[in-house]
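Given as structure tokens, the chain that follows is alone and in the form predicted on its own.
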Amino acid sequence: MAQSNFDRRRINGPEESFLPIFDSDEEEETRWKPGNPRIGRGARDIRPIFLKAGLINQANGSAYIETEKTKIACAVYGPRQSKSTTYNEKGRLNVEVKFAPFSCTRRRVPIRDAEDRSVAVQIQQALVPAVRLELLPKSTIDIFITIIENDGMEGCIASGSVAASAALADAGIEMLGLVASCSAAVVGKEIWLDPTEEEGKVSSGTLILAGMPALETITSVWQSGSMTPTDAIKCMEACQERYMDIHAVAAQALLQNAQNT
């Protein structure tokens, strides 16, 4: 009987091997350097937005938003009776945010941490002034947000607020208006709207503005890093100019979903 060269006790590799290809060389070529203009888009441009409402049939309302490398799914359940025995004249809005294990560069443990809670608090603060909770006594509305891909915490908060607002409207919950949100970063002497994760790292400070453009009302302002009052006002003015366009995208997505159903 002829002996085979195949060893069953080991995992044999392929006959030919090739060197792995790394993206580090390409990233260094496209990395921004101080003094150069923004790569890929203008300073006051935002990433293209794809928004679709009504994708999750089991939920009362849902929405999916995608802005290049930021992908978020949102589901709304309720209003339903609160489990607490105490009577509340106003309803309660619960927001829970979860990062998918593959959403970041490093694998995330599927356990809620401080970053998840921070994002959830920011989104909740942006939404609460817009929802008419006084019409829902002793009721609870649960919002579950899953971040499928993350390209900057500022973009996750802004996109998550827009998706949650569209999901609430899709659920038929009465609101004062749709919430739109936009982020800005101070990079050098310029103000860049909708910064990515890499742009956020090179910035000195970031700001996220949320509001109801239809009522010209601001619901939340969140700022981090080092920023002068003048830069903060410029960031808010730039965000206000752009979140009118974001509001139009959300309204159009809800209109298309209503026409299809």
Partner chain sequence: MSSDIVLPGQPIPIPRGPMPHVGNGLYSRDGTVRASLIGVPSYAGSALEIKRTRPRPPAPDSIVLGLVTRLSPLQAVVSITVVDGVPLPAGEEFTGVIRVQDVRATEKDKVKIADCFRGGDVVRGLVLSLGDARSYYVTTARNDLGVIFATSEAGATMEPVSWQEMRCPKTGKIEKRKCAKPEGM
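All values derive from a computational prediction rather than experimental measurement. Numbering follows the first chain given and starts at 1.
There is another form of the same protein, the form predicted together with its partner chain; it is not shown, and what comes next is about it.
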Point to revise | E174 within 4.5 Å of its partner chain in the model of the complex, heavy atoms | key: yes
Check your understanding: Quick one: does D170 come within 4.5 Å of its partner chain in the model of the complex, counting heavy atoms only?
Key -> yes
Practice item. Check whether L215 has any heavy atom within 4.5 Å of a heavy atom of its partner chain in the model of the complex, and answer yes or no. Key: yes
Review point. Should I72 be classed as touching its partner chain in the model of the complex when contacts are defined as heavy atoms within 4.5 Å?
Key: no
Practice item. Within 4.5 Å of its partner chain in the model of the complex, which residues of 144 to 158 have a heavy atom? Give them in sequence order, or say none. Key: none
